[in-house]
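Here's a solo chain for you in structure tokens, the form predicted on its own.
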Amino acid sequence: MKLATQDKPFFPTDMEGKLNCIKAMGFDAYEIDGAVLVERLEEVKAAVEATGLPVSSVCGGYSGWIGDFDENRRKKGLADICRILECAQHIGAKGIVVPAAWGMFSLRLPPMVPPRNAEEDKAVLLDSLGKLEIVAEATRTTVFLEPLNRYEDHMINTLETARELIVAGGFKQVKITADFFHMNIEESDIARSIALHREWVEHVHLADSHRYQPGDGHMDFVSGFRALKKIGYDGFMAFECRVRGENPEWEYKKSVQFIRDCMEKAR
């Protein structure tokens, strides 16, 4: 398994400097924002070549959700994601992380009654993923469907729900992102859920129990990493977290070492 990171405020702004900084901190790759990739594609390509540090994946950077209530926003988001996938193939990125939606609606918060029912949600998601499947196949990339916790999304909260949607659509280019922060809230047993979905888990996000850097909370990463090893997972685990502490850059370096220690213990 290899480590990647999303961008951080203390990274350099120029792309080559950013990738060199990421490498120096102990990461193996960069998970880039989709809008940044599209806007700075040539700079990204040059930086990857100059530093030897790959862009493993893409997360965010599009303007509407695949499960958006607003049809115009959904279509705009799909168009954005398709463009991002086309760019991703040029830098060797495996694919893009996509939730059903983020912050749009929660069944656990008022008003608690969404404008669509569950069957309508499913139909919209199947339509969106079907369109993305075609582009992902053409670009040899993957859509990493990410379940979010119940307070951030009402449609896909567990690995099981994501798998059911993928199977229902018969998708080949849609896989699952297993995010430790969300799984900590939604899965009864993270290791068991990973084992049960071995055929679909192809991307991982890392954050501690409170969404800050790994090692600052109380997450049991070792058992989850052990489960990933048992299913033969050899992909990237991307840090998706905020960073706190008086010296965030030092804290982030410490977090990388903490995760590598957890990986070693999981052996």
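All residue numbers refer to positions in the sequence shown, first residue = 1. Here the structure is a predicted model, which means the values were calculated and not measured.
Only in words, not in the display: the form predicted in complex with a small molecule, which the text now covers.
The candidate spot formed by 67, 69 and 154 lies out of contact with the small molecule in the predicted complex, as no residue has a heavy atom within 4.5 Å of it. This chain lacks the partner; the member of 186, 80, 146, 121 within 4.5 angstroms of the small molecule in the predicted complex by a non-hydrogen atom is 146. Among the residues 91, 174, 97, 104, the one placing a heavy atom within 4.5 Å of the small molecule in the predicted complex is 97. At the 4.5 Å threshold, heavy atoms of residue 198 stay clear of the small molecule in the predicted complex, well away from it. Shown alone here, residue 210 lies farther than 4.5 Å from the small molecule in the predicted complex, counting heavy atoms only. Proximity of residue 216 to the small molecule in the predicted complex: non-hydrogen atoms within 4.5 Å are absent; the residue sits far from the partner. Contact annotation for residue 59: at least one heavy atom lies within 4.5 Å of the small molecule in the predicted complex. Of the candidate stretches 146-154, 83-91, 160-168, 131-139, only 146-154 has residues with heavy atoms within 4.5 Å of the small molecule in the predicted complex.
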